[in-house]
Structures are given as C-alpha cells and as structure tokens.
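Two versions of one and the same chain are coming, encoded as structure tokens; call them structure 1 and structure 2.
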Structure 1
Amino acid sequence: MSNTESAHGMWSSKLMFILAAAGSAVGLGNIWRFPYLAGENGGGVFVLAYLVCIFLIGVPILAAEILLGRAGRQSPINSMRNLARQSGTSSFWQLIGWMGALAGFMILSFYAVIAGWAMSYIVEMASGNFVGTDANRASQVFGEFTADAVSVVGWHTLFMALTIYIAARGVGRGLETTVRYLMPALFVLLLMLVFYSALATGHFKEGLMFLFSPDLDAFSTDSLLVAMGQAFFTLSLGMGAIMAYGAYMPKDTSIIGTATTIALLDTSVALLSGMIIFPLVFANGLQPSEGPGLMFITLPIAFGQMPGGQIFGALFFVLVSFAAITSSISLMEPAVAWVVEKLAVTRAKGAVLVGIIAWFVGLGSAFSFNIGADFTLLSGMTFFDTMDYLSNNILLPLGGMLIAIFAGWFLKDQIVEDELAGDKAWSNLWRVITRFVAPTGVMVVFVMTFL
C-alpha cells in the first residue's frame, strides 16, 4: 500500500492536523486535572516537574508518535506491526499498540464520567442555580450532584453517545469544523476568566505564588510520578492517540515543529487554568488539595459573582465539554481504527463497539463518588482512582518510553530520515533526546517511585 495516505481518511491541511492534535491534547486534563493535581502536590514544585517532563520527555515523544503514525498510516497496532517488520525487528513492538488501546479504554471510561459532570454544569449554570453562590453552596451542590448515581450515569451516557456519534462520522467531517471554532473560543473565555481572577478576587498574587514558587518540602517522589503522568495525559501521549492522528497527517509537514506548537498550546491552557483557579481558591477559603472537585467548586463561585456569569458560566462549560469531546474521540481512535481494519466493519460500528465497552467500564468510575465510594481496589483507591492511576501514571509513561526506544533505536534510519525531512535543523537533537534522555527520564522516575 502506498504510504502517502491513510485508508481511514486524511486531515485536509497541516493546520487541521495541529487543530485536531491540539483538540486531543487540550481537554479535561488541562482545565480539570492539572489544577487539582497541582493543588494536591504542593503547587510550584509540581508545576516545575510537570514543565520539565513536558519539554524534555513529552515533546520528543510527541514527535516520535507523530512520526510513527505518519510512517505507518494505520491503526497504532498495525502501524507498529508493519514498522517493526520493515525495520527488521521483533513483532514485540506491537505491544505498544495493544497497551495503548488498553490505556485508551481505561482513560475514556473515567474521562466520559467527568465530562458528564461538566455537561451537567452547563445546565446548572444556565438555570441560575449558582447566581451569588459562595464556597459552601458550591461545594454542597457539587457533593449532591456527584452523590446522585442516576444523574451522573445519565450525563456520562449522554457524553459517551456524543463521542460515539462524532467518532462514527469520521476524521474530516464534523471534527475539523468543531475544533476550528471551538478551540479559539475556549481560549478567549479562559483569558476572560484570568482577568476576572486578576482583578476581582484580590488574591491573584497568592494564586501565582502557589503555582510558580517551588516549595521543596511539599515534594515527594510520588508527586514526581504524578507530574510525569500528567505530562503524558495532557499531551495525549503514550497510548497511540497521537500516533493514530499522525496517520492522517499530510506528508509535507514538519513533525518536530508541530509537536512543539501542540505542547506550547496545551501548556498555556493548563497554566491559564491554574491562574484562574488558585486565586479563587484562596479568595474563598478553599483548600488547594480539594481533589477532583476543585474546578467544579471554584468556577461556579466566580461565575456566580460576576455580571453575566449565568451566561458566561454556561458558555464556559459548553466549551469545556467540547474540549472534552475533541479529546475523547482521540482516546477512541486507536481502538476504532484497529477494529475497522481487523473486522472490516464500518467506522460507525467500530465506534459503537468501542464506546459501549468503555461506557460499561466507566460505570465503575461513575459509582466511585456515590454508591461505590467504599469499594476499593489498588491500595485503598476507589475504582476511579485506580483507573486513573494505572493508566496515567503507569501505562502512558511506559508506552511513551517504549515508543521513544523503538523510534530512537529500532526504527529503520531511512524511515526516520524521510519523515524528518522537514525538520533538518532539529533532527539530531531529537534523536539524542529520544534515544537517551526521554527513556532514561521515565525509567528514573519509575525507579525512584517503586524502589
């Protein structure tokens, strides 16, 4: 088969690939997960560790994943199989594809639950339920909502249905137009909220201090693992999502440049979210270590108090939900593309199959905040915590490490040279980092955590 197009479809331009990949990267990870993890892990040091992981480990692996995807032009599982074969090396490397698909299922399962929360907040906001709200009430509403298993599952189901619908429509249609308009809109609304935090909370400086001044006492090797996991999660890295998207990328686009752009976009959204949320935390006597509810408790306070907050708040959660959808479809893509190749079914059938399985697993996470809160798996963690921990802190970095090792050491030189033809200036640096720095970085963090 010719190597210039994918049978699944193609992005119509370089810009569209960037938008789609940025759409995958920017999501709940930036707005919901990054702030609460920073809050739980002492702020500044965590942010620093996260940034180091993003640029030293994340960007080179991001480039590697795009490269592998574009060279393979198929689902990650089959791309890896073919590339290993072409490079004359073991079919073991297919494991990257399989592990990735598994991680995708696990992440999608809880991702859809949290995205469901975000969707329900559109209605909460629009209905005026949060007008004039304070910290107590915002916490109470959040607690009551997540305790209501039926409604959580309802929203979770709705979100999954939308994801399936969009994924079923395929790469070009629907998706491209969605990201084209919604990502910029999200950015504008985030900026607006940063201004609000800076001007109206009176605690902007405290928020910035928390985010940017390293307090080494609060740092542990566990925080390091969490920071690395977050770097992978937020860049959609280590599980084949970017590899799958890379398969639909036009040939004449620079890979390293694109990877850097995506990482910069993604990181700025995360930092902006932190700059919005922490001033609100301090202004309202909340705890940074609030956990997964952090965004859902702080933002309603801000929207509840600002003029027009009812509308802006609803709009904000609309955009967060869209950001989540542009990520969730990419979580599905490796598995969907594989099902389509393997079973020769339509995309629609593939998406329904994958979505239903992930939805079912997601019930465990939906119940982790209510009827299943006492059910624990891995060392006292709820089902949700276990899924999140295993996928983000273990499977993604492990997958990323294997991707770096494969692309750096085993992939045929000719393929690397072809793919990096547009990246001459950076390709040697990329090689060195991908061969040595990125795999060692992941390994060191693993060893520090588990020994």
Structure 2
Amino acid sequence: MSNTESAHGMWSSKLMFILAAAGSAVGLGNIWRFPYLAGENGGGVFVLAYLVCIFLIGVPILAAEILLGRAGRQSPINSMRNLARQSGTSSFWQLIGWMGALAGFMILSFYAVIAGWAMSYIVEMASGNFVGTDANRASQVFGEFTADAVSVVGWHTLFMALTIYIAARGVGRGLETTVRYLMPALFVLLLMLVFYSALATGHFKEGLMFLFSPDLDAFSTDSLLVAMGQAFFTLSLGMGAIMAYGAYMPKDTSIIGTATTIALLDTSVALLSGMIIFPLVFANGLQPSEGPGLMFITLPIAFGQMPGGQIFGALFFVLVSFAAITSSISLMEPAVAWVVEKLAVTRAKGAVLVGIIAWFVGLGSAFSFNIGADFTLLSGMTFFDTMDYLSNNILLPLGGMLIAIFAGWFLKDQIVEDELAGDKAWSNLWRVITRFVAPTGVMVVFVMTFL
C-alpha cells in the first residue's frame, strides 16, 4: 500500500482534516462538562491549568495519534500491527489499535442514547412544551421521557441510523461532506447563542465571572487532576478515532501545527458553551448542576423563561445534536475501517454491520433508565454506567499512555522523522514531552481514579 494514500479514501485538504478531527473532539462533554468544571474548580485558574495540560499532554498525544495513523494508512488495528513490525518491536503494541476500536465502539453504543435525548429535545423545545415551565415540570418531562423505553430506543435508533448512513458513504461523500457543513454550522449556532445570552439574559457578566474569575480557594490538587483529565478526554484521545482520521490525512500537512489548531478549536467550543449556559442559568436564579440535569432540566427551564427561548432553545439542542453526530461518525470509523479490511466487504456493509451491533449493545444503556434500571454490573452500576466507566476511566487513559510510550520510545526513528519533516522546529520538544511528560501525566490521572 502507498505511504501517501489510504485504501479507504483521503481528506481533500488540511482544512477538511482539521474540521473532521475537531468534530470528533467536540461533543456533548464540551457543551456542559467543561464549563461546569471550570466554574467549580477556580474559574480562570482552572482554565489556565486546563490550557497548560492541553499543550503538555493533550496536543503531544494528539500529534502522536495522528502520526501513527498517517504512517500506517490503515485501520488503527492494522496500522499498529504494521508499525510495530516495521519498528522491529513486539506485536503487543497492536493492542493499542484493539483498545481504541473497542473504546470507540463502547462509547458509541451509549453516546447514541444520550444524543437521541438531545434530538428529542429539539422537538420538545420547538413545540413550546417548556415555555414558562418550572423546575417540577421540567423534571417531570425529562423523567417521563427517559422512563419511556419505546421513546428512548426510538430516538437512539434514529441517531444510529444517521451515523450508519454517513459512515456508509465513505470518507469523501460521507465523513467529509458532513463535517464540511456541520462544523461551520456548529460555530455559527454557537456565536448566535452567545449573542442571545449576552443580549437577552441580563446576566452575561455574571456568567463570565463564574467561568473566568480566578478563585484560588476553589482550586486544589484535585482540581489540577480534573483539568488534566478533561484535557485528555476532550480531544478524543485513545479511542482510535484520531488515528483512523490521521490515516486519511494529506502527507504534506504539518502534524503538530494541525494538532494545536484542533485543540484550540475544541477549547473554543467549550468556552463559548460556558458563555451561553451560565448567563441563562443565573438569569433564572438556578444552580448549575453537572450531568444530564444541566442540559435536560436546568437549561429548558432557563430557555422557557427567556424572550425567544422557544426558538433559541431548539437551536441549542440542534447545536448539541450537530456536535454529537460529528463525534459519533468518528467513534464508528476505527471499527468500520477494520471490518472493511478484515472481511473484504464494501464500506456500506461494514458500516451497517458495525452500526447494528453498536445499536444492539446500546439497548442495554437505553434500558438502564427504565425497564433495566435495576439490572447492575460492576459495583452496582447500571449497564450504562458500566460502559461509561470501563471506556472513559480505563480504556482511554491506558490507550493514550501506550500511544505516547510507543510513539516516543519504540516507533522507528526514520518513520518519526518522515512524518514530522514539516515540524523540524518542534519535533525534538515533541519527542521529550511524549516520552516523559505526557505518559507521566496520564498515569497520574489513571492511578488517581482508583484512589
């Protein structure tokens, strides 16, 4: 196979790769998790710590994952097997590809369930169901929806069908066409909602203070670990998606420069989301709460009390759905690419096969909120919580750490030099950080999750 072309197709330009990778990184976590963590862990101090972690841990591992993908030009599993062979090292390292594909698949199965909730709320908001609502009514609507297994599975099925359709169309007609339109639309929606929040809430300054004011008393060692963990997880590291996308990246594109741009776009979405959410929350005397409660209970109350809230609330959930779909297609990509290579089937058949299996596994998560709520696995956790825990707390950090170690210590020097030819000024610094700083940082977060 040519070292400059992937059998699965290629991004048409550097911009398309950046949009695709940023789309993979930007997801549900950016919309509510980052702003909440910043507000509760020291505001501006947390944001600064997060940015330091992004550039000391996130960007180097992101660059390493892109490098491995572009050097291998196949699915993450086969790329890692071939790169280990070329580097004269153990076939053990192909485990990185398997772990990434498995983590992406597991995340996709339950991610599609939550994304289905977001799609259903476009309809709920647009129909006026939350106009003038209060906390009891918003909680009741959310509770009744998640308790209805048929509705939850229906929206889960619709979201998975969209993901399968896009993935089946291939890199050019499917993935690239989607991010070409959805990512600019996502940023336009973000800016529209920021202006709405600034003009209609009367509490924009209060929201900015909550998000950016440095509060040293609220910042602790735990806050630093939270910042490090968020920096790692927000960039889609360790789940095979970036490696799969890197396989379709043009040869003449700067890896480190591109990784930095992706990180900046991802962080921008998180910060803009905070500028949207917190003025809305404070304008209605509400308390910001982490998790589904913020997105599906608190914000509908806020939009329901605001001028034009019916329209802009619906737009907000369109934004969330856009972010979800650009992430879901990347989560599916490692498994689809491997199935196409392994079984020698068409792209469409590979996407349908992977999608149906992910949909079926996702039923366990869909039922975790209703008819299967009493079914528990690890330490009394529901099926949904178990999938979330195993993928995010074990597979992703372990995969990211192994990526840094392999790229920094075991990958053949000539391969690294060839891939970073356009990054000579930064390649030595990247190598030092990838060998020592990044794996140590990830290991600290990994160990602390079990203490």
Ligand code: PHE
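Start at 1 and count along the sequence of structure 1; that gives the residue numbers used here. Heads up, when I say rigid core I mean the largest set of C-alphas that superpose within 1.5 Å between the two forms. In this text the structure is predicted, and so the values were computed from the model without any measurement.
- The form predicted in complex with the named molecule appears here as structure 1; structure 2 is the other form of the chain.
- Core-superposed comparison between structures 1 and 2: the C-alpha position of residue 111 differs by less than 2 Å.
- The two forms, fitted on the rigid core, differ between structures 1 and 2 by 2 Å or more at the CA of residue 35.
- The Cα position of residue 282 differs by 2 Å or more between structures 1 and 2 after fitting on the rigid core.
- We note a C-alpha movement of 7.4 Å at residue 46 between structures 1 and 2, with the rigid core held in register.
- On a core-based overlay, residue 221 has a Cα shift of 8.8 Å between structures 1 and 2.
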